[in-house]
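To begin, one chain is listed below as structure tokens, in the form predicted alone.
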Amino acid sequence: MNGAHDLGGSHGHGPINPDPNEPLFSQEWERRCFAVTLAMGFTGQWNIDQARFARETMRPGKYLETTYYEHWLHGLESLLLDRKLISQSELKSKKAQNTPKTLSRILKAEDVAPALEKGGSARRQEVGNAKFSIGDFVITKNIHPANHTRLPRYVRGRRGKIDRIHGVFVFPDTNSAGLSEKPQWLYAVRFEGEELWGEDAEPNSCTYVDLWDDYLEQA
């Protein structure tokens, strides 16, 4: 999706000056937003790529004006409304008005730490051989899907080199659309700075991007 979240290579947003002492949550509502989003994710009503796509659907102007956890809140509200877990009137009034929907999976407080420690890997069983080998030159496809994608705009249609083969992983584009996991090989692709930025590139610079089979063609 070509949204405001995909800012790689764009100008005018100012320098990034992270605060080394910045707290995990600057306000209490951010902590609560994170907790509710985490708890709802464990119910199985949506997958991680659908959650990312929901955040990306925020209007571009609004996205750029709001904070990280405001993006999370927008995504959570969108998913809850889409799955009919809450209604618009409940969201507006901030009060439950209907009988809660029964969920088959619930993350209890005592299970949070073990669940986070266990995680949820997107790696899948390897079947057959990888389409590309280390050292192969590839061209990224110039595609513009309307759903979630992990192919940044600034590398589309660019020539790179396979640097590493990670294995087989869930394909975000189809997973975010609720179609299928469509597991496929994932590679670390090296792009030379000049290939991405032309003569203005920093000398001897390069960028590594993790990309799936469906994004790549043999150069």
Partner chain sequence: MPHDGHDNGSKLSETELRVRALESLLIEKGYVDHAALDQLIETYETKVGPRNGARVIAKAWTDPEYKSWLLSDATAAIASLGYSGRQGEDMVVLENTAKVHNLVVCTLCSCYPWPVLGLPPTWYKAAPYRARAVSQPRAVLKEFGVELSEDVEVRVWDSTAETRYLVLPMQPSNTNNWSEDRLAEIVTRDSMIGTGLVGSNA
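Because the structure is a prediction, the values reported are computed rather than measured. Residue numbers count along the first chain shown, from 1.
One more form of this protein should be noted, the form predicted in complex with its partner chain, which is absent from this view; the next part is about it.
Within 4.5 Å of its partner chain in the predicted bound form, a heavy atom is found for not a single one of 130, 132 and 177. Proximity of residue 219 to its partner chain in the predicted bound form falls outside the 4.5 Å heavy atom cutoff. Looking at residue 52, you'd find a heavy atom of it within 4.5 angstroms of its partner chain in the predicted bound form. Not displayed here, its partner chain is approached by residue 121 to within 4.5 Å at the level of heavy atoms in the predicted bound form. Remark: residue 159 does not count among the residues lining its partner chain in the predicted bound form, judged by a heavy atom distance of 4.5 Å or less. Along 66-103, residues 66, 68, 69, 70, 72, 73, 74, 76, 77, 78, 80, 81, 85, 86, 88, 90, 91, 94, 95, 96, 98, 99, 100, 101, 103 each place a heavy atom within 4.5 Å of its partner chain in the predicted bound form.
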